[in-house]
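The chain below stands alone and is given in structure tokens; this is the form predicted on its own.
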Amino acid sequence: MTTSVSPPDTVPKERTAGHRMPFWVNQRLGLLVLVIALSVLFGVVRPAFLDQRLVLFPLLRDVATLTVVALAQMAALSVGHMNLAVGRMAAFGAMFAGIGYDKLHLPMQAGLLLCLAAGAAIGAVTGWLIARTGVSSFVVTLATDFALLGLVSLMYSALTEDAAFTTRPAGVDALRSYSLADICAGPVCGSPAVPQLAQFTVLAMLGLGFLYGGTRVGRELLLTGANPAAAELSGIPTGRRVLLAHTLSGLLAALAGFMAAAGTGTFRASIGDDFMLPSFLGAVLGGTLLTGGVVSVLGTLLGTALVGVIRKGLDLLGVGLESLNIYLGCILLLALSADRIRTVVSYRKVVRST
């Protein structure tokens, strides 16, 4: 789902009705084609890429987690802000889940709720500081990142012996190792390659899709990102919308931290160290604007999937880490350029035809 706030039409409706953009300009369609084409290519060159349990299962588990990370960034980008502390917020939330399991002996669901509450709280504090002081989100979230880096490390040092909470309640191991097909017998339960962690990703996508596409609050968030001054003049409480966007960002970051901890089996301070770049890649590749006002929930999933397929495929081809990053950067640049080229070419065709 792509949701945006569009400017008033400047071309008469009778002229635009017959000259709509062709279907192949759709960014999500382009991402889907790239994901499928690269998956087929890697599967042909390296058949092991299509192994459901050894390759596709961990790949989809990573994609599920990083999609939630990208959704956390998308929530901040929707109001024209950014969240440079998304990784530390993930570690902060996961730390509270680990405390709940290791020290309070909470069940999995209660620990997850504690994790989400902690993430939403730190996100709300960040949003309140931005709205209250008017300081750039870049500065505030960067400061939050450094503050949480020290705080989380100190907490783990004080509360654990090996800098990790290793107690896992019933259900966490199933999230890590079992697929949706393991829940029940029969093909209706899904493919063995789809991890149970993907349930959290689907719920997050549905919630955000409904928020931005079907509610007034969601439209106000996008209006705040598109033009804060105009939104303020229209009576929208922009300060509260900024607070809400960062609260959502912190909550989703904490959910991603929980998913990452469940995927590795331990709750440690290093969770989220590599989240910041994927958070921007997935959201921006999917069609979310850095300047705010436009978001794409489905596009974020496809953008994250594209990055995951590229990484896994090149890794199976034996590409080293340094070379992998070079190839990944080139392919991502081509993907972004291809979308821009499609839009420009299509626009010129429409102009010439009118």
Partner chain sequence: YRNAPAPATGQAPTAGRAGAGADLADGSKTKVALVPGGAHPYFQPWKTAGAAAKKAYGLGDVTFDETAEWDQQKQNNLLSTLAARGYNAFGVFGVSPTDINTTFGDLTSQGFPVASLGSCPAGNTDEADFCLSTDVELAAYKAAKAAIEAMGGKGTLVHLTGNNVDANTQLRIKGVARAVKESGGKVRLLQTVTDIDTDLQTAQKAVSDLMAAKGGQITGIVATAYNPAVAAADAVRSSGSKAKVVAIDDDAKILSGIRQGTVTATVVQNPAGQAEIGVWALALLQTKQCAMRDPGVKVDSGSFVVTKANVTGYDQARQAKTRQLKTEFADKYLACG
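Residue numbers count along the first chain shown, from 1. Keep in mind that what you see is a predicted model, and the values were worked out from it rather than measured.
Missing here is the form predicted in complex with the partner chain; even so, the following discussion is about that form.
S.K.: If you check in the model of the complex, do Val40, Ala193 and Thr201 all have a non-hydrogen atom within 4.5 Å of the partner chain?
M.R.: Zero of three within 4.5 Å in the model of the complex.
S.K.: At the 4.5 Å heavy atom threshold, is Ser296 in contact with the partner chain in the model of the complex?
M.R.: Answer no; every heavy atom of Ser296 is more than 4.5 Å from the partner chain in the model of the complex.
S.K.: Is it the case that Ala181, even though its partner is missing from this view, gets within 4.5 Å of the partner chain in the model of the complex, heavy atoms only?
M.R.: No, Ala181 sits far enough from the partner chain in the model of the complex that none of its heavy atoms falls within 4.5 Å.
S.K.: I'd like to know whether Arg311 contacts the partner chain in the model of the complex, with contact meaning heavy atoms within 4.5 angstroms.
M.R.: Arg311: contacts the partner chain in the model of the complex.
S.K.: Does the partner chain get within 4.5 angstroms of any non-hydrogen atom of Asn26 in the model of the complex?
M.R.: The answer is no: Asn26 has no heavy atom within 4.5 Å of the partner chain.
S.K.: What stretch, of 247-255, 105-113, 269-277, 89-97, brings heavy atoms to within 4.5 Å of the partner chain in the model of the complex?
M.R.: That would be 269-277.
S.K.: In sequence order, which positions of 282-319 have a non-hydrogen atom within 4.5 Å of the partner chain in the model of the complex?
M.R.: Heavy-atom contacts within 4.5 Å come from Arg311, Lys312, Asp315, Leu316, Gly318, Val319.
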